[in-house]
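Structure 1 and structure 2 below are the same protein chain in two forms, each given by itself as structure tokens.
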Structure 1
Amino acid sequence: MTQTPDEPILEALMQAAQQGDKQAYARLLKAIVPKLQVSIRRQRPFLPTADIEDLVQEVLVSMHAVRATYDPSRPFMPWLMAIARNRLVDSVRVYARSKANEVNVDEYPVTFSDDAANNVVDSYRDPEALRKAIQMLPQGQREAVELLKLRQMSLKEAAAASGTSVGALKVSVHRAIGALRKALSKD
């Protein structure tokens, strides 16, 4: 991937961004997003646009997290593309793992008389106890449960609404579910 003469010097922008220059970082991110979109679309031509956008975001977050590893004396694009390749490989691994755990069913059991449709309701029959248990959770965990489970937001929407990261939200909701399970099983 080559740079055209009118493009900003990415190496200089990243160097400035490492020193906390937000304007340089904004220019850098603006310049690399189309490059990432093209590169990912070329490597994963079968993916819908939304999935490509998810992967671009994944690469951006990863790049942001490891920006201290960039050495300004080296070219920027190979550094970025190494991260992108690594995250793409990871995404294939995650996709394969999730597919392995998926069970295709022709018809979901939704009738009230069907046991399979009632097993979740049976274990949390007391909504008041659940409400109290949620209130007892620490602030971060309570917020994660409210956004992800009660308001049914996606991880990205919840991260935007709470101003925290997707990873932190995942951890919070995981801990919250564990705490709720413990609290409700005591009752």
Structure 2
Amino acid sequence: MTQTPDEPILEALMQAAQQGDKQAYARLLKAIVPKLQVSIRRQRPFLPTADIEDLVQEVLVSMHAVRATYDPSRPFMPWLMAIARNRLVDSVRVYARSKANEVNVDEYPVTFSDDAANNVVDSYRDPEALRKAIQMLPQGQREAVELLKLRQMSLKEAAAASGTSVGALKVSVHRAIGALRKALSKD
């Protein structure tokens, strides 16, 4: 890779910044921001300016976090561009994860007022069967369901009322819901 005319200046600024020179660090940041903007725009021409700026900031934060790993005997720009490349790859991963579970719908059903809504209350349709299934649970599970689900207490409140730990309540509710699903699916 050919060295740019300002590469020695950037390397010197980075070395000074590593030694604690805040002014050199500020000059370095001011010098590399336009380079990062151009590089990211070249690699992601479809991104809006705000997203480009976000990525530049992510690169700068990452560079700041790992600035001690820069080896002054090596060129600065390839080191910086490796950080930028990693942030770009991370941004693609984040985008892919966020879009993986999205579903486009024209109209959202309103809970409890629309028959098309997936209301949990309506899915059992037999409150007496639910009451009987709750009564069949072991006492600890039954108490956890009553306090957390029926009385809608917080975990902290329910733990104080029952004399059990928050963790034990979570486990009891989890097991109770599994048992209720099995009992109600048989009906």
Partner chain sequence: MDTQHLIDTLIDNSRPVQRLPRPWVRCALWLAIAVPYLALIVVMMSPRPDLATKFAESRFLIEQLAALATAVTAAIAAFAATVPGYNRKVLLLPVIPLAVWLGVLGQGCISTWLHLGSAGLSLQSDWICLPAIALAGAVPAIAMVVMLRRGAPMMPYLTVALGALASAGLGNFALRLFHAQDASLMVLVWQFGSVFLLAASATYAGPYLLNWRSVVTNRSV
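All values reported here derive from a predicted model rather than from experimental measurement. Here the rigid core means the biggest group of C-alpha atoms that line up within 1.5 Å when the two forms are laid on top of each other. Residue positions are counted from 1 along structure 1's sequence.
Here the chain taken from the form predicted in complex with the partner chain appears as structure 1, while structure 2 comes from elsewhere. Core-superposed comparison between the two structures: the C-alpha position of L55 differs by less than 2 Å. Relative to the superposed rigid core, T164 undergoes a CA displacement of at least 2 Å between the two structures.
In the core-superposed comparison between the two structures, the C-alpha atom of A16 has shifted by less than 2 angstroms. When the rigid core is fitted, R175 shows a C-alpha shift of 24.6 Å between the two structures.
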